[in-house]
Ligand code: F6P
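A single chain, nothing else alongside it, follows as C-alpha cells in the form predicted on its own.
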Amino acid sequence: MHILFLNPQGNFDSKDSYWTEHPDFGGQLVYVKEIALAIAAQGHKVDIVARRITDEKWPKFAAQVDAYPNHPNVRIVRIPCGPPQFLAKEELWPYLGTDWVQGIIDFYTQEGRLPDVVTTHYGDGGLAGAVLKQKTGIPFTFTGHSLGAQKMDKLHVNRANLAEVDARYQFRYRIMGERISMNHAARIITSTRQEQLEQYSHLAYRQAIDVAEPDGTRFAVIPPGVNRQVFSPEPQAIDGTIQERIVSAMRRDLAADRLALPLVICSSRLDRKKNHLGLVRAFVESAELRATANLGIAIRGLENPLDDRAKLKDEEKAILDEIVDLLEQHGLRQVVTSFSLNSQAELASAYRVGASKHCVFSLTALYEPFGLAPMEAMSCGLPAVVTCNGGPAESLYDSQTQREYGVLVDPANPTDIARGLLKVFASPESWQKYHDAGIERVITRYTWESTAKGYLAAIEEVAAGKVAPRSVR
C-alpha cells in the first residue's frame, strides 16, 4: 500500500534538526516518524506530508521532498500552506482545506497516482484529511492525540475570558476541525481506552462521535511505542560524555554534601501543562525527599539553564524564573541542578547514566494524553513516577492484575508527588522492582513494531476492497 501521514503542524527533516525547539514540535514528531518507519519496514510505501516552509530561521524545511537515510520506503513531502514563512499551528486553519489539500492533490497528480489510504494527526491534519476525502474519495483514519476541549477545560475557559483565550488558541477552529475529523474518519485511533472514553465523550464533540456502540466500533486503541535501538539499557559510547556533563553540573549547582544523592530527572519541555513547578514544590515541602535526592532539570540547548534562562523564550523563561524564585525564597537553590540534553541519543544516555546511579524519572504533567517520555525512561532502566491524569494511568498500571509498572501521583498535590518518589527510593529492593517492571512493560507492550501492526490492521480494514492502485486521469 501507499500510505500518507498528514501532519501539517509537525515539521520533519532527515536529521530531526529542530526537535523540541518549538512547542508545536512535540511528541507527535517522534510518534509519526517511528510509526511511518515501522510500517515502511514491512514493505509499504509511506509519505509523511507536512507544510513546506521557506524561512531563514528554519532552513531544513524548504525542500519539497526529503528522506531519512537508509529508509528507502519513506519520504517527507512538503506542500506549501499559506504564507511561505513559519507559522504557529493556530495560524494554519484558513489554509488547510484550500492551499494545502489542493497542493497535495496536485503533487500526486503529477506523480500519476493517488495514495491508497491516509492517516491524519491532530485536528488540523484530520480536517485536511476530511477535505481530501471529499475531493478524492480516499478514506482516512484520525489520531487526535490531545483534543481542544480538554485544553479549554485546563485553561478554565469561561464566558468572561473566552474571547481572549480564543484569540490566542483559535479554539473555534480547532473544535470545528476535530468534530469534522471525528465525523468523517473511517477509524479513530487512540492510545488508551481512557483517552477514548474521556476525551471523545466531551460535550464539545456531542453528535460528532459517540464513544458507545455503534460508533464506538470505529475506535482502535493502539498504544505508541519506544525506539529500543535508542532507548536501550545497554551502555553506549556516548554515556561517558553525558555522565561527565551531568556530574559537572551537579558540582556546579549542588551543595558538596549532596553530591552522593541520586537525581530525580525531569526532562520534559518547558510548558505550563508539564507542571515543573509542582515537582519543585514537592522538594520544597518535603524535608524527607530533600534528604533522599536532588532534582535534575534537563533543558535543550542551554549548558546552565537555570542561570542562562534569560536566553529562553517568554513562557519558558517565566517558568524557570518561578522555579528559581521559589528555591531562593526557601533557601534551597543548592538542591536543584540543570543541564542540557540536545537529542534523543543524549536523553537516552542520561537515562542510562541515571539508572546506574539509582535515579528516578518524573513527569508531573497536569494531563498527559499518553506519556511516551516515561516509557522511554523505563526502557533504559529508569523507574518512573508519573502523573495519574491521562494515559499513564493505563500504561503504568494494569487494573486487571493490579500490578504497578511505575508510580502514579496526583500532579496537583506536591505531598503526593513526594510520596510517589519516596516510594521508589524507599529501599534498593523497591528501586530494583520498578526498574525491572518498567523494562518488562516496554518490551511486552510498547514497541513501535507492535504499534505499526496495530495501525496496519486498522488501515487495511479501511482500505479493504481497493486492490488496484488509484490512477489519476
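This structure is a prediction, so every number in the text was calculated from the model and none was measured. Numbers for residues come from their place in the sequence shown, where the first is 1.
Beyond what is shown, the protein has a form predicted together with ligand F6P; the following relates to that form.
*Asks:* Decide yes or no: are F12, K33 and R51 jointly within 4.5 Å of ligand F6P in the model of the complex, with each residue judged by its heavy atoms?
*Replies:* Spot residues vs ligand F6P: no contact at all.
*Asks:* Just give me the single entry in R75, R269, R228, R281 that has a non-hydrogen atom within 4.5 angstroms of ligand F6P in the model of the complex.
*Replies:* After the contact test, the surviving option is R269.
*Asks:* Which one, T192, T292, N389, S146, lies within 4.5 Å of ligand F6P in the model of the complex by heavy atoms?
*Replies:* Partner contact (heavy atom, 4.5 Å) among the options: S146.
*Asks:* Name the stretch: of 218 to 226, 340 to 348, 146 to 154, 236 to 244, exactly one has residues whose heavy atoms fall within 4.5 Å of ligand F6P in the model of the complex.
*Replies:* Looking at the other structure, the answer is 146 to 154.
*Asks:* Counting only non-hydrogen atoms and a 4.5 angstroms cut-off, does H184 reach ligand F6P in the model of the complex?
*Replies:* H184: no contact with ligand F6P in the model of the complex.
*Asks:* Evaluate Y122 for contact with ligand F6P in the model of the complex, applying a 4.5 angstroms cut-off between non-hydrogen atoms, and reply yes or no.
*Replies:* Although ligand F6P is absent here, Y122 would touch it in the model of the complex, with heavy atoms inside 4.5 Å.
*Asks:* Any chance H358 has a heavy atom within 4.5 Å of ligand F6P in the model of the complex?
*Replies:* It does not: once ligand F6P is placed as it appears in the model of the complex, H358 has no heavy atom within 4.5 Å of it.
*Asks:* Counting only non-hydrogen atoms and a 4.5 angstroms cut-off, does F25 reach ligand F6P in the model of the complex?
*Replies:* Because a heavy atom of F25 falls inside 4.5 Å of ligand F6P in the model of the complex, the answer is yes.
*Asks:* Can you tell me which residues in 167 to 181 come within 4.5 angstroms of ligand F6P in the model of the complex, by heavy atoms?
*Replies:* Residue within 4.5 Å: R174 only.
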